[in-house]
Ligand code: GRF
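In the form predicted alone, a lone chain appears below as structure tokens.
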């Protein structure tokens, strides 16, 4: 009997490399998710080409009025029977109210070894602090920024003279491996 997949929305703001990766993952037989909806706060997000390419419903919300946008998103998620949100480079912090009203799992991928380096400009701060390691973390979203329960992490060694752009690319490759693994872990029996 075929596995009943969890209807999923992915939230993006930029290039969408994690979105593209999650779409590919969702199309595999073993994947527990089906991406039905893509949300963005940026009408110019390059990542919006992927829902077009894979024929996935998507919508851009302005976030000029945050609570109005969040209420519209919640209504659309409910109409589409979405039971999981994967944040993938979404550059807006979801409100406590949104998280509570959604009521299902929300996952995020963050480009550091949380709890270190929450927030923005992660790679730059890691390099400036001369860290020997960095990495990425998939975690549950709660009301505090980058503070939810950690699902999985991947550690990456930083080489001498490595700049933050090189580190960013290196970690992004690991993100593409880690996010699907974390989703498998969340939905494994």
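Numbering follows the first chain given and starts at 1. As the structure is a prediction and not an experimental result, all values here were calculated from the model.
Missing here is the form predicted in complex with the ligand; even so, the following discussion is about that form.
Contact annotation: residue 85 falls outside 4.5 Å of the ligand in the predicted bound form, judged by heavy atom distances. Interface membership of residue 174, defined by any non-hydrogen atom within 4.5 Å of the ligand in the predicted bound form, is ruled out. In the predicted bound form, the ligand sits within 4.5 Å of a heavy atom belonging to residue 16.
Although the partner is absent here, residue 109 lies within 4.5 Å of the ligand in the predicted bound form, judged by heavy atoms.
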